[in-house]
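Consider the single chain below, provided in structure tokens and representing the form predicted on its own.
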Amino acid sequence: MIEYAYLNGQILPLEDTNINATDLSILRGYGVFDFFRAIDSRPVFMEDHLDRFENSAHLIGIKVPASREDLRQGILEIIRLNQQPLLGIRLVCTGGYSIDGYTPSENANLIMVSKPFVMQPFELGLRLMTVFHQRDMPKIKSINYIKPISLLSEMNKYGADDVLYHSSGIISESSRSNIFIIKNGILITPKNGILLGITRKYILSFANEIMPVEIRNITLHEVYEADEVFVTASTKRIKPVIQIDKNQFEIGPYSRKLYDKMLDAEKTLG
């Protein structure tokens, strides 16, 4: 079966979707991306992801070489050609071909690729390893994942699935997820130094129907003392955390209620 991708307005077989080695995404890691799912060929929260994608590009000075309508049509065509029950769509916009290896081009490269994937069950909890780190320009969904990828061997050694970033005693996010804790029936999530996740946005839109919500700085000590911990992302929805460093957590009832509510939101709002 041929897999199709999008490059600068053209739909091509994935194997023919190539960019030049002078692109700044290769030379300098300069580019942005976004990722979302399509369930039975229906994109989930596509407009929210396109808003963030365009904003990320704008914030680092890249002009997306396509209108919003062109982006929509390209996505829908990729979904049509690569039909799967669950499909992940990745949009990437790079700094383009640089004449000096540093200065961005006026012509960015726009890529869309898709891959089928399996959503892991809610009950399969995650183990996190804390890491002292703060992402540069955290509101941007950058292609730069040097820090967590460089830690993969250490994560494997300690049996961790992902990292939890903290700085000056305050947590921020995981490498690919936002984080929430629950303490004494209150849902708490970091306010600063994070990517504004789409799943996070929707959880915050309905969580106060279930429990009080606080958006504020969270200390690492508070995380260790939490009753429930979970992360959120487009690839995970809500995923319970069962261990952070040496501290273990139960998969609690509030996380499950929020997960079920998130499923409803995807069906009605996505």
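In this text, residue numbers run from 1 along the sequence as written. Since the structure is predicted, the reported quantities are computational estimates derived from the model, not experimental observations.
The following text describes the form predicted together with another copy of the chain, which does not appear among the structures shown.
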Using a 4.5 Å heavy atom cut-off, which residue among 176, 72, 183, 191 comes into contact with another copy of the chain in the predicted complex? 176
In the predicted complex, which of the listed residues (198, 87, 129, 92) lies with a heavy atom within 4.5 Å of another copy of the chain? 92
Can you tell me whether residue 149 touches another copy of the chain? I mean in the predicted complex, with a 4.5 angstroms heavy atom cut-off. yes
Hey, in the predicted complex, is residue 139 touching another copy of the chain, heavy atoms inside 4.5 Å? no
Flag residue 167 as yes or no: does it have a non-hydrogen atom within 4.5 angstroms of any non-hydrogen atom of another copy of the chain in the predicted complex? no
Although the partner isn't part of this model, could you tell me whether residue 78 comes within 4.5 Å of another copy of the chain in the predicted complex, counting any heavy atom of the residue? no
Just one stretch in 131 to 139, 183 to 191, 78 to 86, 118 to 126 has heavy atoms within 4.5 Å of another copy of the chain in the predicted complex, so which one is it? 131 to 139
Heavy atom within 4.5 Å of another copy of the chain in the predicted complex: which residues of 35 to 60 qualify? 60
